[in-house]
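Take a look at this single chain in structure tokens; it is the form predicted alone.
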Amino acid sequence: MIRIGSVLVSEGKGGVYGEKMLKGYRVWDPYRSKFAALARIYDGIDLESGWDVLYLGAANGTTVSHFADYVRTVYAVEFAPRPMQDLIEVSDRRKNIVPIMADATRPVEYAAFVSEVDMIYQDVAQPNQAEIAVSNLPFLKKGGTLVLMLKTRSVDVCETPESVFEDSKTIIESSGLEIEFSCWLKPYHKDHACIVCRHV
């Protein structure tokens, strides 16, 4: 990925969501994007130009648009109608985004539109986030990467974030995925954790 000094940036036309520009590149703000925060914390994460990515929880497409600046195709799954409208506008400006209105808990609904991918990136605010990631594994190539952005307070507000984090890692490992890296996204995102896995 491209960095100018310590600032993560992406190529492509700006003005998607009011992002700053730096020397002609789009600034990828770690306080607005959990993937950008991960890239600040962990230098082992990357996006490659030949990759296809399944993005679960695309929202209004801000982070999706940066992914699209790097990879070949982004299959962007979003459930809520209002963010989907914004996502469609973003996809009009970046032709390698495939917007899919569907529920990430039901991968069978979009299986016909998604090819095998190099990365699954998940950022959904639902109680069963680890289980959703596991249910989408049939889309991931062997050797591919799964990045789970865990919103611990959405999983269980009665449990501590630390407990939710550990339980989620157990679910991920029991599915056969190999955890390469995990961390909290402090100071960029409170009570958010990240699990990076390899499909072995």
Partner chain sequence: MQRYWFGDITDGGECIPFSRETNELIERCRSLEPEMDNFVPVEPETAVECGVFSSREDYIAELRKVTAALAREKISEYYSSGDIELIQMVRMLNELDHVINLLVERGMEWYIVKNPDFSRKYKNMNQKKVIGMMRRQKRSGLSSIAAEIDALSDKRTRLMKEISGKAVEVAPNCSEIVGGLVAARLISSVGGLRELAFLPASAIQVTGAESALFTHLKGGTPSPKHGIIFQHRRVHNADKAVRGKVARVVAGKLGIAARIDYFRGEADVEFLKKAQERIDAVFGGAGGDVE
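Being a predicted model, the structure only gives us computed values, none of them experimental. Numbering follows the first chain given and starts at 1.
Not on display, but discussed next: the form predicted in complex with its partner chain.
Annotated contact segment (heavy atom within 4.5 Å of its partner chain in the predicted complex): 137-145, selected among 169-177, 39-47, 137-145, 62-70. Comment: its partner chain is not present in this chain, but in the predicted complex one of 120, 124, 77, 97 has a heavy atom within 4.5 Å of it, namely 97. In the predicted complex, at least one heavy atom of residue 85 sits within 4.5 Å of a heavy atom of its partner chain. At the 4.5 Å threshold, heavy atoms of residue 29 stay clear of its partner chain in the predicted complex, well away from it. Of the heavy atoms in residue 128, none are within 4.5 Å of its partner chain in the predicted complex. In the predicted complex, its partner chain stays beyond 4.5 Å of every heavy atom belonging to residue 105. Although its partner chain is omitted here, in the predicted complex all of 91, 113 and 116 have a heavy atom within 4.5 Å of it. Residue 52 is the only member of 47-61 with a non-hydrogen atom no more than 4.5 angstroms from its partner chain in the predicted complex.
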